[in-house]
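Shown here is one chain on its own, the form predicted on its own, set out as structure tokens.
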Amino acid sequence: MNTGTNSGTNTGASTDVTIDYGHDLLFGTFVTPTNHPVHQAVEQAVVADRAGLDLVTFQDHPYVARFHDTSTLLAYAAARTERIHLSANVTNLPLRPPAVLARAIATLDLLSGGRIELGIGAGAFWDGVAGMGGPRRGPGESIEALEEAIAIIRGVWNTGESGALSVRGQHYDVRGAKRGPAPAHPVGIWVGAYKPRILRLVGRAADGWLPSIQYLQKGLPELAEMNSHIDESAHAAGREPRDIRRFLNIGGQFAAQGRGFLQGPPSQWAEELAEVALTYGTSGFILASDDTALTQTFAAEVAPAVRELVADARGTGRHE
């Protein structure tokens, strides 16, 4: 997935409405799970870990022959890294049965010492899914299936509940599944979403929202409207909007002179990302990078500067 910005996209952060959910900031990378060279994706995870980033993620397209299987890649990368958290970005639900997925994630979280998160999507590229033997779902069906899957995953993890798990749905029918294992830490369920119906699902059922900047048809200002769908749904479900962390997959290149959003020196990146954080409540920035130098500069020069700018703004009451 190319997460570079489109030159025709409005990426300005100006808006009449600002919001800051107050989350601590997270920074990570979005690495292509290429299987040639065979260790490249894993080595980039090691780079991110050693650079001090918080998160490394891999897209999950099981029907793409030039990609590693992402579930296997996550396990191998977890064994090669020490402190960084890992996630799919995002898990292809139609080809990952939710009860089995829940146990796989919990197992890897236990083995890694609590470093696994669950990015998940309703599904896309349906020709590829169907070609691998998976279901072909329409937009409404895929969202229904995702909500059922989240209930199953949480149910498997909920070892404090007595009795077997049963979830009777239109797409998944789990009857009497044994619960467990529980993950080592509260695994975040982060949903890739853009349209109002699935955004409302995020508000009532997810722990995080994980969009990509190049899919924002109106540019960054569209985040405000999308946030409102999540927040209204959260309130209706008896949750606080702050319960849902807001991420953003980003792309860019460093340059001596600024020539667009995330196209300039690290100081420009820091100012732009701090403004996004304080304007739209985004607290997790995940950079598409298969390049060691890009990742290291992002970690060493951008991430700490964004944290400082946001902390200063919060301390002065800006955007509160």
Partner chain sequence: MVIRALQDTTRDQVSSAGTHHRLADAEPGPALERDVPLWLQGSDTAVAALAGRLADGWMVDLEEVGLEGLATLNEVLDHAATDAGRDAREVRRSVTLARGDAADISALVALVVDHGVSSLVLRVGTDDVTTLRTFLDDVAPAIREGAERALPQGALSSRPVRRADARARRRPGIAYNEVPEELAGTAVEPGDAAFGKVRSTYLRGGDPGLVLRPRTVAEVASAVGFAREHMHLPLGIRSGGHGISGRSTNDGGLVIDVGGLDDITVLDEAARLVRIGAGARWRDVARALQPHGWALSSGDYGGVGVGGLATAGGIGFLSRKHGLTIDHLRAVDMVLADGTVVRASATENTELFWAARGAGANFGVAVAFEFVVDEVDEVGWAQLAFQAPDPAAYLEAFGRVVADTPRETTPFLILGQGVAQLMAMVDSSDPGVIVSQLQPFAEIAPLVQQQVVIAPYAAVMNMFPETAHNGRGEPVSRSAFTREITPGFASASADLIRSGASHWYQIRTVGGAVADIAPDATAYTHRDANFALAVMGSNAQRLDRWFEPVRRHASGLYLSFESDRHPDRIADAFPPATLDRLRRLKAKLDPHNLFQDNFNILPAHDHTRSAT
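Everything numeric here is computed off the predicted structure, so don't read it as measured data. Positions refer to the first chain, counted from 1.
Heads up, the form predicted together with the partner chain isn't pictured, but that's what we're talking about next.
The stretch from 252 to 260, 58 to 66, 42 to 50, 267 to 275 that comes within 4.5 Å of the partner chain in the model of the complex, counting heavy atoms only, is 58 to 66. Think of it this way: in the model of the complex, the partner chain has a heavy atom of just one of Val100, Ala237, Met132, Ala79 within 4.5 Å, and the residue is Met132. Under a 4.5 angstroms non-hydrogen atom cutoff, the partner chain in the model of the complex has Asn35 among its neighbouring residues.
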